[in-house]
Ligand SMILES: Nc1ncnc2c1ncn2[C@@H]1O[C@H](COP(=O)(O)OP(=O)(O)OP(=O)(O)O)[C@@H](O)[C@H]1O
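Take a look at this one chain, the form predicted on its own, written out in structure tokens.
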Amino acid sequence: MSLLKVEQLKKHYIMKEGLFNRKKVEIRAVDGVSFEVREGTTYGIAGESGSGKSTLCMCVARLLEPTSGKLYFDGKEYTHAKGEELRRLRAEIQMVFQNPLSSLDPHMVVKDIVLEPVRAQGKNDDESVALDALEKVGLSRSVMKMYPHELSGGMAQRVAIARALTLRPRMLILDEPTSALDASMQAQVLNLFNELQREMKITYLLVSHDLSVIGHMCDSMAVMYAGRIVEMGSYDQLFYEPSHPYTLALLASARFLPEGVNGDKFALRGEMPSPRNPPVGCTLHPRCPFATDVCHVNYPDLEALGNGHFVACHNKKNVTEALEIARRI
């Protein structure tokens, strides 16, 4: 059963520039994204910085108002929920942000930070609620009177997770939750997320540019590029049967291709295009080694390959054939 369903979600910004700010430019941060997250699973969103991942998370959490599209949670639409309806929804969906220290109020002690969500919901804010949440993330009573600047990066992220757990939400949105941590602390936090999921049956929407994090956590995933999903499917499909040049390039850069395969031949040239002036056709074509004439004209639709595997590429057959040839060499 799908706990979260996103349909054709868009988030566009209008920027003014030029002489006297007379020129209006549309920035398409998220441009028609659709996916579903099954209850009790972890769904990953991968892609470079600037691909629209964090904006997507903010829209799903309703911290940003979508430009268009629809959002459903447990079968009920909440795209434009307001007031009491939105307040109830936020008890079900909580978010853990990228930088723990910047997401914690420096003027509040840990106990008050952790109890902030339950107070906002008008629920029991007894000290025992904070202590229970802190113990779930491996912290003791001794941190309750500490301020954020007294915490290490790993401790601060655990406090942020404890704060998200106090309302016992059904879904956590994790926006690059380990990117600010060192390697050893990353592993501890990822293992903590897995333990919490087993214990509390929480559903995760995980955003990361790090494929090792996606691989460690996710059942299904999508790859975003320039505001759109270019490939989506199960972990096995995208890691072992990639059909989009961008997915293949991400795997190559992270050294996730089969042993002996030279990832250099799948590398992308240049950088992601500016959202102020994206190229016509497929937004990847200026960087793509598989691009043909049609890529310069038309953006490909997501096409079903079977078993929940979808890809948006005019030359997907060439991509899979190239990978198969590389595997044989």
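Numbers follow the displayed sequence, beginning with 1. Not measured: the values here are computed from a predicted model.
As for the form predicted in complex with the named molecule, it is not shown, yet the points below apply to it.
Screening 49, 41, 292, 68 for any heavy atom within 4.5 Å of the named molecule in the predicted bound form leaves a single hit, 49. Heavy atoms within 4.5 Å of the named molecule in the predicted bound form map, among the stretches 278-286, 261-269, 54-62, 300-308, onto 54-62 alone. Interface membership of residue 27, defined by any non-hydrogen atom within 4.5 Å of the named molecule in the predicted bound form, is confirmed.
Taking the partner from the other structure, the named molecule in the predicted bound form has a heavy atom within 4.5 Å of a heavy atom of residue 176. Residues are counted as partner-facing when one of their heavy atoms sits within 4.5 Å of the named molecule in the predicted bound form; in 193-221 not one qualifies.
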